[in-house]
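The chain below stands alone and is given as structure tokens, in the form predicted on its own.
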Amino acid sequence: MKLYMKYFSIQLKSAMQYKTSFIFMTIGQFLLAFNVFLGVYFMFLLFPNVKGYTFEEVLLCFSIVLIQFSLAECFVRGFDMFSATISNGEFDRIMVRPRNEIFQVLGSKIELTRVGRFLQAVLMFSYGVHKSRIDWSFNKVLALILMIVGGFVLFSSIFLVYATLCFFTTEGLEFMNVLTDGAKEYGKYPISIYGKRVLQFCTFIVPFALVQYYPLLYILGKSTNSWYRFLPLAACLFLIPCYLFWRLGISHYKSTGS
């Protein structure tokens, strides 16, 4: 932990070397998320609800997913940019250092500008909580915390898979963005509105629904199944096959010679 804080301190000092650039990039991230919010807002001016979900409920759903994704992009950015680490030979140096490879990649890039996107998510969340009139209890707060933790782990796992593919292809595969940026986009709405097949895929293949749809039903009072609040913990198990895939990728690693 002490070493990670050292990494964090270095990244912070690096960002502060160009304060103006950092501030504008942070504002840009805020406005980017705000633009999506406007799209949702204008749609609900035309329709009172989307398959039974009100504007406030959708806003709550969207903000939670955005918090999950912003945290993952901030702290696991090194895996999202892993293709550059492979192509410039940086991973050769990582391999010879007496520290875990994953830990070093995590510390290599901490994207602090995602604070802007996170702030936008917190504002939407606050508005959604205020307007949705949810009867909060300890169990619902617990479900919310598990949703954020589970979503962070799930998005981090997908970034790990994306990075592992670079061992075989050197370059990153853009189609993986469907499961990261794409999930963030279609995660604006509860997964069930996209149909039964998508819900099944997001439950059993890439368990996005376990950190979004089911616990959200419990929080909104649309389901009385109290086990839904623990489903984000099941989603965390997705990290295990992703980690094994990472180990397989390392065993096949060949330096680019850069």
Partner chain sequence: MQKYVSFFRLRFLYGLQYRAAALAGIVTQFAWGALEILMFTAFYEADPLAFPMKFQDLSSYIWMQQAFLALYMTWLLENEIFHAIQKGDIAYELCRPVNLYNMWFVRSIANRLSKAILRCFPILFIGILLPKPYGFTVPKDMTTFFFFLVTLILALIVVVAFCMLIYISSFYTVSAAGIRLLAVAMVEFFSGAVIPLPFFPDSIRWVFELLPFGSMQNVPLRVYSGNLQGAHLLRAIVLQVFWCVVLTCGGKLLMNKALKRVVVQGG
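Predicted, not measured: the structure shown is a model, and the values here were computed from it. Residue numbers count along the first chain shown, from 1.
This next part talks about the form predicted together with the partner chain, which is not shown.
In terms of contact with the partner chain in the predicted bound form, the residue from 217, 206, 233, 43 that brings a heavy atom within 4.5 Å is 43.
Stretch 183-191 is the answer when you ask which of 92-100, 73-81, 183-191, 152-160 has residues with heavy atoms within 4.5 Å of the partner chain in the predicted bound form.
Using a 4.5 Å cut-off to the partner chain in the predicted bound form, each of 31, 39 and 198 places a heavy atom inside that distance. Using a 4.5 Å cutoff between non-hydrogen atoms, residue 49 counts as a contact of the partner chain in the predicted bound form. By the criterion of a heavy atom within 4.5 Å, residue 21 is counted among the residues contacting the partner chain in the predicted bound form. Using a 4.5 angstroms limit between non-hydrogen atoms, residue 25 touches the partner chain in the predicted bound form. The partner chain is not drawn, but in the predicted bound form it has a heavy atom within 4.5 Å of residue 35.
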